[in-house]
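One chain comes next, on its own, written as structure tokens: the form predicted on its own.
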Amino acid sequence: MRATEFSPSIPSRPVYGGLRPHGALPSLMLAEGAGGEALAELAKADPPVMRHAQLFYVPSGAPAGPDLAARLRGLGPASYVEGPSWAALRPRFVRALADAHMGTRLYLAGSEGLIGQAMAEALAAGLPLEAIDAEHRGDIARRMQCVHCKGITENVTTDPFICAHCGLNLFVRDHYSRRIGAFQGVCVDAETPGIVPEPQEIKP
């Protein structure tokens, strides 16, 4: 599965430049599902990158074929941690961020939800944005915040969608908050109650 290409949008819409080799610098790597392929490709392009890497991996949704988790372990990272979900890995990832030294790089690969949440944690820990490489792999479901009740709805794939917290019909906007790692949703029928467009699949 190749990296997703997104259509041009507003400035706050995240742009993922892909994973680039930076040599044998101390690094944290976090991937989910098909994002593991991006890390494998990075290691192939620049083998020393794994020498001082702490690698975190969530295998859910990984493509069929060879065991991707086994391939990642076989790349020889300094440490390897696997978990069933981002929520399960988050405490150890946050601890690794807190223990990171100046000059540490962060590599993120997977869904927008994973990238956004991990990037928010990294920025809150003081890692500069320019020290983060990210590559989108996998589905294009969005993590959405309702601007009315502030609730988060995960894995949104249609526009409009129903807020999982307050039940409003929300329009999927490209406005994005790095602080919470989520896009913003606004009530679609505030001025015309009950008149809601037919849901459409979200496109990149």
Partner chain sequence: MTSLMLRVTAAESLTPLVKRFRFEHPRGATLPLFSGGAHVVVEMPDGDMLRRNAYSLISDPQDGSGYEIAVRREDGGRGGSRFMHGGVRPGDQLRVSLPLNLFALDLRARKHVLIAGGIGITPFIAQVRQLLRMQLPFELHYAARSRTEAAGLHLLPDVPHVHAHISDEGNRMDLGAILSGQPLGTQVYTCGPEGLITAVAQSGARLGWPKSALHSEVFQAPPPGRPFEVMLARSGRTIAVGAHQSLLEALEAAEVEIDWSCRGGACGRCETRVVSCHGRIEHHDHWLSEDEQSAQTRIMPCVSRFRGESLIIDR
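Residue numbers count along the first chain shown, from 1. Quantities reported herein were computed from a predicted structural model and do not represent experimental measurements.
Unshown form predicted in complex with its partner chain; subsequent notes refer to it.
Could you tell me which of 67-75, 126-134, 109-117, 82-90 sits within 4.5 Å of its partner chain in the predicted complex, going by non-hydrogen atoms? That would be stretch 126-134.
Against its partner chain in the predicted complex, would A190 count as a contact residue? Criterion: heavy atoms within 4.5 Å. Answer no; every heavy atom of A190 is more than 4.5 Å from its partner chain in the predicted complex.
So, I180 and its partner chain: in the predicted complex, are they within 4.5 Å at any heavy atom pair? Because no heavy atom of I180 falls inside 4.5 Å of its partner chain in the predicted complex, the answer is no.
Should V196 be classed as touching its partner chain in the predicted complex when contacts are defined as heavy atoms within 4.5 Å? No, V196 is distant from the partner.
May I ask you to check whether V15 falls inside a 4.5 Å heavy atom distance of its partner chain in the predicted complex? V15 lies outside the contact set for its partner chain.
I140, M144 and P204 all contacting its partner chain in the predicted complex, non-hydrogen atom within 4.5 Å: No, the whole trio is out of contact, none within 4.5 Å by any heavy atom.
Any residue of 102-121 with a heavy atom within 4.5 Å of its partner chain in the predicted complex counts; write them all down in order. The stretch touches the partner through M102, G103.
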